[in-house]
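Here you'll find one protein chain in two forms, each presented separately as structure tokens under the names structure 1 and structure 2.
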Structure 1
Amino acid sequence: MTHIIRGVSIAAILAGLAVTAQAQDFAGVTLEAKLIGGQQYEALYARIAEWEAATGAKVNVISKKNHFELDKEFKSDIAAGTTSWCVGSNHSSFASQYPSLYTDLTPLIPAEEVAAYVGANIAAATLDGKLVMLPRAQFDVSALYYQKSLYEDADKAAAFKAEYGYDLAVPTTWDQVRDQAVFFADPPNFYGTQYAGKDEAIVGRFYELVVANGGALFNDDFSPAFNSDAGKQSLQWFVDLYAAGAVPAGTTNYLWDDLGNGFASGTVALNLDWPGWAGFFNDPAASKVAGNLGVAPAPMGSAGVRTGWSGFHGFSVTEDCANKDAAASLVLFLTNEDSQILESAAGPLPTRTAVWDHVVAEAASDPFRSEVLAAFQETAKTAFAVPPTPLWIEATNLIYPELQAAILGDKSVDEALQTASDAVDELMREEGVY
């Protein structure tokens, strides 16, 4: 079937893109790229061969890792002066750390192309007046995936109400998630939920729960604010689930791929996760929850605020790239309408206006896509980015070991938050933030 966007067929768009790409002759050029790795990104990377065929250039992917590992690699490259590779995966949560690494794309990308992206994403991709990346169809905010059959079981519903005093239904608050996760858990065979347990990933989850509970991670001057009642309530939520055996014992080592594969295994009841997993979770060839999958907006905390830590992926071109025009052409190709239609088909939210129109039209005839889109659109209404400081990742590296210590029972919640707060305060003072 040929899809239509604003009255123009995809076939026509592809033909136009091919002509444009062929007009840019980069024969003999080889671009080195460092890209985020993961199952959900491979369909897009398969398109690189199309760009190579159209331009005569070659792409050599010299690194493919999760962004936490890429972050370490980028910083090592900056320190060693080895930044002549050309294209890198980037993310709004990480971008501010690399002020010298990436070039300004403004003179390399036609203004009409830049205008085709959602304005808020372009604004967030512009740091100190430089457009440092083009956003891909990976606008991230999390919604709640769940196994529908659990809520259709009359015996479970009766047992739950007898124990907790309220009806079993898809949770709308994080207290309900905790209750239900403990109720559903049957370790080591089945778990109520799971969470990322290390690096920036757990700090991001902690951060959004603190906000949902009425607190803040930082004050306006970026001094730590999380050693508060809201912070203690939030960390206790993680601690309670671990202590009850409602999450896998290895959760403090989990990152996103671990969570995605874990939920797809059919052994987890409730899973807060990103839109890019929706297609994978509902694919019978890859997932045991396919056909039994529900998606709901992210729950609310005690302050009546919905969790909504958000960000977006993109691609950047290094300042030291010898072929910036070719690199910019590749970055534009990987984030154009056709690429975003491809990515958004699996669930990710697009960052081009025309692709949003396409996704909405497609969802109208697909009940599952409609459910996914409605859940993520509702959550996105109150989404919030990470605090706007280039020290975000450094701060999370100080916070997450203390969160882990509390979860594992090595420290009390009060001790862990005090230690983390003191460490972040010292970091901010040493860096001259205040």
Structure 2
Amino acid sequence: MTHIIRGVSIAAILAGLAVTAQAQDFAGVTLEAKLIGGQQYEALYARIAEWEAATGAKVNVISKKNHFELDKEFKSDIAAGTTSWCVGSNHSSFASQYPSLYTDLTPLIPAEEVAAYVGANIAAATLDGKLVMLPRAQFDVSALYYQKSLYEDADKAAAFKAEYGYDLAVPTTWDQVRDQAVFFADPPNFYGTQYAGKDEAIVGRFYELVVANGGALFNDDFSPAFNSDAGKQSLQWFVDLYAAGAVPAGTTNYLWDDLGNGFASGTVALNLDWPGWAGFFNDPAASKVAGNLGVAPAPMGSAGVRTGWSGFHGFSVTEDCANKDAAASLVLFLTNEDSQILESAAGPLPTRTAVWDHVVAEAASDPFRSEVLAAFQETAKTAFAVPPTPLWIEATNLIYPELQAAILGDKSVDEALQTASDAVDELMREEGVY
């Protein structure tokens, strides 16, 4: 017993020494940071004061913007050579655009710490062998939100079966989503579903459907691969829903906020959306579907694969940072277990295995939260990130106007995909990709 007490005392002293050493390590260091801004992220940033107290370092947040604005700022910084700030918010969809901006975290973060994150997230955060960011508890993959009451109406069930020949149930395939969306739609008062209709968002949705239908957006050499049967089948799905009036007429102008608010208004039956909306959708003060909300895993395409375009936020350290060790310590702190437990308590999904277990255990007594987590956990199993090319955003800017042209009837599916494929091919050749 005495040995145990003595052992514990020694361990406590060593731990104390370690904390003191850590505190002295970075005393006098000031780190400049450019972070994603928004109310939902502030709880985590409040923890920065704890890291400052523990290490003696100071953090000076010099920019707080959304990722699209940060992206422009980072590009301007690279152009102007003003990259001596240290910590930046990053996102898996943007990360590949800044090959020279961020340093490899592998030598700065202990291997056992890296192993504590979900393997798929670390793989997606590793570009050209460099671990460019540590993922925070902001993992995004989409699951299917739906209005439960639509599936409890016997008359609707009978009418659906008479028209389509199978039972009306929460859809498990995208073909079923199309049938049901057309069946439920009663424009302009009620729509079967909706989709993000512009920018990277619609290309992301198209990309995941192409994969679910057994295709790919790019070949291994990043030449375009979407002008294929799977690509045509996928784009046709978007076109059919628009032509049938099953989606709002303005959907080609919608982005995430329009979609979230649209579903919360109670005028949409089925909505593929991100986990961060779950709380909002089930909040009676904000949403008309609260209490009538179901969440199911993302449906599958014709290849039996679930859609699963995923992304996550993270923190990176710049190559030009004068105190990379301190910066890496901050990044690790902001994504450690305590930080991820704090962030995921508000709804976002974690990226550490232990925190997933914690969140699932916490939700056991809340049936809605359990349903949400089960749906997203199932979808996350087969999730996939955007293709790892620095030309991803540029390619999406060439693809999305063509997808829109097909949806709005300006071009046929074949013409639109051929034009988009030719444009992406020209881009890749011009940039010397192949």
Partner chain sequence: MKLGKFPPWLALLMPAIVLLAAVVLVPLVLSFYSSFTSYKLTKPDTLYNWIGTFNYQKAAGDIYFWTAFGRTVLLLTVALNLEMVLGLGLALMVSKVTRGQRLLRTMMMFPMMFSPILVGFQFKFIFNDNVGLVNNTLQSLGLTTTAIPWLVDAHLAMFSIISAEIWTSTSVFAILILAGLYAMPQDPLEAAKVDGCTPLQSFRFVTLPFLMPFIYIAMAIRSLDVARAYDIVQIMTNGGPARRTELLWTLIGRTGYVDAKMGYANAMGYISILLAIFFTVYFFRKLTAARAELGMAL
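Since the structure is predicted, the reported quantities are computational estimates derived from the model, not experimental observations. Just so we're on the same page, residue numbers count up from 1 along structure 1's sequence. We call the rigid core the largest set of C-alpha positions that still match within 1.5 Å between the two forms.
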Which number belongs to the form predicted on its own, 1 or 2? 1
Can you give the angle in degrees by which the smaller rigid part turns relative to the larger between structure 1 and structure 2? 24
Displacement in Å of the C-alpha of A327 between structure 1 and structure 2, rigid core kept as reference: 8.7
Can you give the C-alpha shift of A137 between structure 1 and structure 2 in Å, rounded to one decimal, after superposing the rigid core? 2.4
